[in-house]
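Before any questions on binding or motion, here is one chain by itself as structure tokens, the form predicted on its own.
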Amino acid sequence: MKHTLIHLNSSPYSSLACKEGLDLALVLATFEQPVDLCLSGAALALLTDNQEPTAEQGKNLHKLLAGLEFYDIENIYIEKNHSWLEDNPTWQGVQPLNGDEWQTMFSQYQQVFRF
């Protein structure tokens, strides 16, 4: 069984990339494929608590985070010591990794999709 990592690094509302990555994670998990998520760059905005996307931007993707555990998506990684994390309230379901752990993580998966 292939273990998949989905790397989100696009802004949640500037394009469909972030939503497509989350959709792929949910589809894989629905078919009982092991999948983990990692977020970096502009995708870290997905973790912000008080999101109010406009109708043109689509639904609030932050609300999907609480439901990931029902799909057995329990590993959501971010890189530790990111200055963005210190300035914004964030969702608490993430596991911060130091720089070495972050780099090693990518070699531990059979498939990595980047959105």
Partner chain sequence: MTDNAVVLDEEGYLLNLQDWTPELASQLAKDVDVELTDAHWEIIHLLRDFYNEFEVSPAMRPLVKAVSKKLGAEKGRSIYLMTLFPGSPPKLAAKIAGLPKPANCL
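Positions refer to the first chain, counted from 1. Predicted model only: the values in this text are computed from it and were never measured.
The following text describes the form predicted together with its partner chain, which does not appear among the structures shown.
Remark: all three candidate residues (26, 63 and 69) come within 4.5 Å of its partner chain in the predicted complex, counting heavy atoms only. Its partner chain is not drawn, but in the predicted complex it has a heavy atom within 4.5 Å of residue 30. Although the partner is absent from this view, residue 59 contacts its partner chain in the predicted complex, with a non-hydrogen atom inside 4.5 angstroms.
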